[in-house]
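The chain below stands alone and is given as structure tokens, in the form predicted alone.
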Amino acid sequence: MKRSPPPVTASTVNWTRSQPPLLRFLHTCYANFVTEAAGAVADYIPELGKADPAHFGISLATLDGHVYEVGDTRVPFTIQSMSKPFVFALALDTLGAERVESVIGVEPSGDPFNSIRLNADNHPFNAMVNAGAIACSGLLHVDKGDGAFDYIRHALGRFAGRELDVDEAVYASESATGDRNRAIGYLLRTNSVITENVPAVLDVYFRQCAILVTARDTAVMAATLANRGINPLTGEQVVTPYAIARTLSVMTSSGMYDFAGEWIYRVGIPAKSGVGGGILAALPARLGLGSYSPKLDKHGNSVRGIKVCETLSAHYDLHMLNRSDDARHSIIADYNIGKNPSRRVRRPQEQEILAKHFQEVRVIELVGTLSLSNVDYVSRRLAGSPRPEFVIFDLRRVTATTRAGARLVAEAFQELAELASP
């Protein structure tokens, strides 16, 4: 196993007061890792071998639509396998989960990304390996015909918030040297995973991989995944939350191929890499990260990109399984209005009720997000003492409500109403 990433220090960057701390941190990461010389540019696709190994860009997009950029964040490169989660989510929404899941599994394979091996049902292990991605392209080709690629390109552009082009030279190079993917395609055809013309399906897949993006684009695309399918720059709901949740699940277990286990152990953020040198990472409800550096390790992942993600996660404690939310912090005040009179301006009818029942009114002031655990804690606080005739939930400081929290609130109100009924 790799050792933990080095601690980030201020010694390698000029800290300026005008920069937000997170931007200064990204500058530090850039300075610390720009001299990293390990790895090699992918050359099994000849055009990829022409990438400048010195290029290095880091971008981070927040869910309120702010994008931080350091280094070569506007240098275009081909998306390659980073397209897979977006096409998988698109297929789930376009064709329905039952259709997609009937031919593509959701288990990690433990194999390299281009493995010519299927699972026990003779289906691809998941949509993050080449076999599964080609199967996704095949499903969309059945539905969209000759328009399948334009449909995919347009959808990826909606994730990025701008129209995306194709690197025709890389497409031609991939097509000319893609015999391994052709073998996978015909294996899928033999097992009825692909029912269309294999060359036509592979043409969609090769073009899909040759779509041009930047580190900034991939950060925004990752942030859209982290934001339940809503692009934080455009505000568009690109795909459904259902598709996003299932896509992030497969990314968590399989997005980094045969490095996926160590990745989720060390970094703990759903991610996807591409042999073009990009890595995107989507931390749900938090942020999206995109990086570009074309020198790859033995797993086909960007060496510098891995270091950036490891360091960001470790420095800010972003591992998704290391959450520290405490439901008890959702209540900032809990009192009887007779002993602690309210200073809020109220309508005459409300004032009349409070004056008449001031000893029987309990006020609970809530703050933050109403999640399942927060609402459960509030309901147990209510149940743990004699029930007052009136309960006021003060929601002025509540910023959001999860679906589970909203459902539990509705059930709690229903129970209160039933108890109040004669």
Ligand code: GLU
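In this text, residue numbers run from 1 along the sequence as written. Quantities reported herein were computed from a predicted structural model and do not represent experimental measurements.
Missing here is the form predicted together with ligand GLU; even so, the following discussion is about that form.
The partner is absent here; in the predicted bound form, the one residue of Val87, Ile194, Val275, Leu118 having a heavy atom within 4.5 Å of ligand GLU is Val275. Contact annotation: of the candidates Ser302, Asn181, Asn227, Thr73, the single residue with a non-hydrogen atom within 4.5 angstroms of ligand GLU in the predicted bound form is Asn181. Contact annotation for Phe390: none of its heavy atoms lies within 4.5 Å of ligand GLU in the predicted bound form.
Heavy atoms of Ile45 reach within 4.5 Å of ligand GLU in the predicted bound form, making it an interface residue. The shortest heavy atom separation between Cys209 and ligand GLU in the predicted bound form is within 4.5 Å. A residue is said to contact a partner when one of its heavy atoms sits within 4.5 Å of a partner heavy atom; Phe159 fails this definition for ligand GLU in the predicted bound form, lying far away.
Using a 4.5 angstroms heavy atom cutoff to ligand GLU in the predicted bound form, all of Phe113, Asn130 and Glu174 count as contacting.
Only one of 390-398, 52-60, 23-31, 37-45 lies within 4.5 Å of ligand GLU in the predicted bound form by heavy atoms, and it is 37-45. Contacts between stretch 68-84 and ligand GLU, counted in the predicted bound form as any heavy atom lying within 4.5 Å, involve Gln80, Ser81, Lys84, listed in sequence order.
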